[in-house]
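Next comes just one chain, in structure tokens: the form predicted alone.
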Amino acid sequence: MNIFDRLMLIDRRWVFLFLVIVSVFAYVADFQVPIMVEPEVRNIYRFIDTLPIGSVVFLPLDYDPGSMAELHPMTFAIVEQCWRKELKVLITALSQNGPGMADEALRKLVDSMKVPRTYHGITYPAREIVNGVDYVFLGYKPYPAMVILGMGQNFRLPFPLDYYGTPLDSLPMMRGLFNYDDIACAINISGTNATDFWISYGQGRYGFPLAIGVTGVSTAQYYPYYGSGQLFGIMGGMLGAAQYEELADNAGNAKGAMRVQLSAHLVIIAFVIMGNIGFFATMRKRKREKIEGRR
């Protein structure tokens, strides 16, 4: 039995075990993966970075814990960038399992703002982020198409109260903030088909600037909207989140996950190559043995 025969007989459980070992090693190891930033991600960063102080960025967080690993880093990087730039953030969560997760992320972000940090050589002092002044979390309502259309008339129609039960009219940030005409842009971070509703019933009906952050497997289907100009930016999966962290000079979970993703992909590619070499070598050997048998 030669080496190619042995390759064909490897139990796939050893392959999975090796992949797990490599992934764990890559997770704890301290090395950096170069990040190449795509224009569609850079567009979102530049748009937010050039907004005047006090502008309102609308952030529909339409994902649940199943896609949290890919999309949560986008939320952290964008909200922190907005608050460091003294922008205001309006948030909804139209996925039924998303509001609690969004609330937890907001609490962590509010705590992180209490520490001065330096991005791109600029030191931002600590800030006290106040609910109702620096951000408003509207929460969840079912039937996303109706909710999106309703907010186009007035945020108070589907959300008379915020997530914490406070009337919107009593929140300082909501003074003069009625519908999509009063926001600078919307960035939909989604692991569901809510993105389709935001494109069709939100941007298509009301024409506000819209960008999206979606899971890696669903990214490709939204590029026609980017090409047509309906979207001014796209962040795709963990890589898109890592690119945004690179632009914001705010390394988080996404950039760290690039080590694991790169290592796992290299292992998978290596096994694919080895498997194909073993397969074709074995076929060639059997063909040769068959010809010699006829002689």
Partner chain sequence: MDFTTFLWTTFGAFLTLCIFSFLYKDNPFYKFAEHLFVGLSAGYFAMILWHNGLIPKLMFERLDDGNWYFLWVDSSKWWYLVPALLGILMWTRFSKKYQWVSRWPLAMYIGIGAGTAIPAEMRARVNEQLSAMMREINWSHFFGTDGVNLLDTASGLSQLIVFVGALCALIYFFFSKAHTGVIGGMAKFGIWILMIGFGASFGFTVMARISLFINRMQFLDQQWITTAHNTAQTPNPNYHWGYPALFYSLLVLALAYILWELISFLRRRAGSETKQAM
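Predicted model only: the values in this text are computed from it and were never measured. Residue numbers count along the first chain shown, from 1.
One more form of this protein exists, namely the form predicted in complex with its partner chain; it is left out here, but the text below deals with it.
Only one of 75-83, 92-100, 122-130, 175-183 lies within 4.5 Å of its partner chain in the predicted complex by heavy atoms, and it is 92-100. Taking the partner from the other structure, its partner chain in the predicted complex has a heavy atom within 4.5 Å of a heavy atom of Thr219. The closest heavy atom approach of Gly204 to its partner chain in the predicted complex falls within 4.5 Å.
Within this chain, Pro167 is remote from the site of its partner chain in the predicted complex, having no heavy atom within 4.5 Å. At a distance threshold of 4.5 angstroms between non-hydrogen atoms, Tyr226 is in contact with its partner chain in the predicted complex. Ala257 is the sole member of Val56, Leu247, Ile48, Ala257 with a non-hydrogen atom within 4.5 Å of its partner chain in the predicted complex. A heavy atom within 4.5 Å of its partner chain in the predicted complex is found for exactly one of Val24, Met274, Ile10, Ala281: Val24.
Contact with its partner chain in the predicted complex, defined as a heavy atom within 4.5 Å, is made by none of Gln32, Gly191 and Ala251.
For the partner-free chain shown, Met238, Leu239, Asn253, Ala257, Val260, Gln261, Ala264, His265, Ile268 of 238-272 come within 4.5 angstroms of its partner chain in the predicted complex, judged by any non-hydrogen atom.
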